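Considered here are two forms of the same protein chain, supplied as structure tokens in two stand-alone entries, structure 1 and structure 2.
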Structure 1
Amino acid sequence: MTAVADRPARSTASLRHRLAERGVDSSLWLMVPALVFALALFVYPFSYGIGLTFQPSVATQEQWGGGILANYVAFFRDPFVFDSIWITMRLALPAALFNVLASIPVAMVLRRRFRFKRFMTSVLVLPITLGTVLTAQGLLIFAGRQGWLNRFLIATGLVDQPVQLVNNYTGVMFSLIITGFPFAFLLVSSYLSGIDPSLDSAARTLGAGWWQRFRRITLPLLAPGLATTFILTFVLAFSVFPSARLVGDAMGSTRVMSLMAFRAFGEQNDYAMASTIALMMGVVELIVVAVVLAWRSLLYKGSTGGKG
């Protein structure tokens, strides 16, 4: 590629070579299948969906007015739909925050060497395979009114009568933590392993205590990675759908956005409204992601580790 530069050819080869110098050559054909795929299955449907949001059904137009913007008017005016944003946030933000914060100490403990390290890591990662549907079924049985958890709580005298742990907010929260924590843990521990341990040793040599080392060395280096982990965990928790329906209270305290979008899609066959809710879901999520990213850009991202 570099040898071509000093050849003063002016034929058709010249263009090809000049293009090749900029990285455009026949091997770019390798990208074609992936691009076709992305355009056909992602870009086109997505733009089609955006277009669809401006073609409200007659019923929506009559009920909410607003011409071609009727879907958006309905979204913002209809409290049943609009409140689902807060309901989703109230589930996804605490769940993502908990998962990230809880995985820091766990990752730090599991970073040391001990006998069952690999086993422990595998067990913590295991719930990834369970999936939300099975977790829901398990929670319904385990934490239900006659489940082992309630039996145990009653047997030990902690409570007098069964606690309602499923079919409400708590149930969905449990499910989000069980499926989300392993993911956050995986990411945080991989960021943690990117921090040079000699920094910690150096701080210890200088007499820094446990808390000082964490506060001044580990945390600043880990923070960008934590932000990334938070984003990815939040994305997972934000699109919660099966568990909100199965272990939640689908029409009440866990009426999340994805449920509303699916209700419009599958039950009311109002594709335009469904696309609107889905699109707004993406917008809300992107706002949160953008805020976290903006905060992350203020953090230290040196070469010393953290891999943020």
Structure 2
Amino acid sequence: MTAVADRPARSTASLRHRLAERGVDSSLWLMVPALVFALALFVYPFSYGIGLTFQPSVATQEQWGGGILANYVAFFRDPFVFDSIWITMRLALPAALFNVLASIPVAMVLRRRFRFKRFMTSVLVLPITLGTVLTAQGLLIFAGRQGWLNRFLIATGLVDQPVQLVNNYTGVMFSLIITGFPFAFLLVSSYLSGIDPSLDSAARTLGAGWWQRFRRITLPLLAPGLATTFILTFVLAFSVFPSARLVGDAMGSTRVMSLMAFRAFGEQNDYAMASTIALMMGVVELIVVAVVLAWRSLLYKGSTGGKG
């Protein structure tokens, strides 16, 4: 009798109730459309693209060898294609870093309340609505050889020849900054809104200057958000395509990886090589993201103490 009394009573709850206690209920069916969407538009195309990289064309195998790895051998041994990694990094890293650093003081100023604050914010985020193609077209009209800026410089006698500001590295960099800054600004602003203003007020009461308050309070709390902002703006800049083609030197100083993939796909009809270049783009991006996330993990991990 004692052994029977000590045995725990079997739960009389139904299987459905026991599953519901573990978060398994009929509401999970709502995830089915999302799973189908992810499988159809991401998992299958990604897997198919990886498979294509191991199906090199006959011409690629004859030129580079390597069997089923001929596409990878061609990518690393062809300097015209392989150098596109450094060309893309030379554009994406400075553009992302500039956008993040420039957005910090602007976001801190617009954090305050003053007249025309909403108007200034709207002007700063306006390039998001333009898109990269319209931005590139605007740069050609404004800074091209026959653009308004060069006409003004020549008319005022400041220069004798038109200044080359587009169809080169500078033109693409301008485009990346114009299109990437609004994203960085909005993200940094959202992270700043999560920092409790009373922390800054308390430090000011204790006699800390603006630089001390920024370096010892705002920056440590903001740094993890800056790392996330850098990652997003870097990925946006790394995949640049319209700007590099419209306001850059497509086969020269701005032959970024996306242009190399387009060249293999659209001009050479080599889908396997295009997939290889696209896959290597993802690998390079993942390496940079992993490095930034590793650095982010060393920063302050606590709560910002405010809203957001």
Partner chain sequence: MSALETPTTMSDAPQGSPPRARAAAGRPPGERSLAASPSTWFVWAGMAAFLVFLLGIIVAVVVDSFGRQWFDTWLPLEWTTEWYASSWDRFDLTHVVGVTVGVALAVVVLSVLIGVPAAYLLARRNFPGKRLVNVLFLLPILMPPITFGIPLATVMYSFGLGRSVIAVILVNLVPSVPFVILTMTPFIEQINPAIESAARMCGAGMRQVFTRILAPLLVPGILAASILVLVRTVGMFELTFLVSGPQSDTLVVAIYRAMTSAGGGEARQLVSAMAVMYTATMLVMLVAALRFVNPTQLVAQVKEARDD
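Here, a residue number simply tells you its place in the sequence of structure 1, counted from 1. Superpose the two forms; the largest set of C-alphas matching within 1.5 Å is the rigid core. Everything numeric in this text was worked out from a predicted model, so none of it was measured.
Of the two forms shown, the one predicted on its own is structure 2, not structure 1. The Cα shift for Gln161 between structure 1 and structure 2, taken after rigid core superposition, is 2 angstroms or larger.
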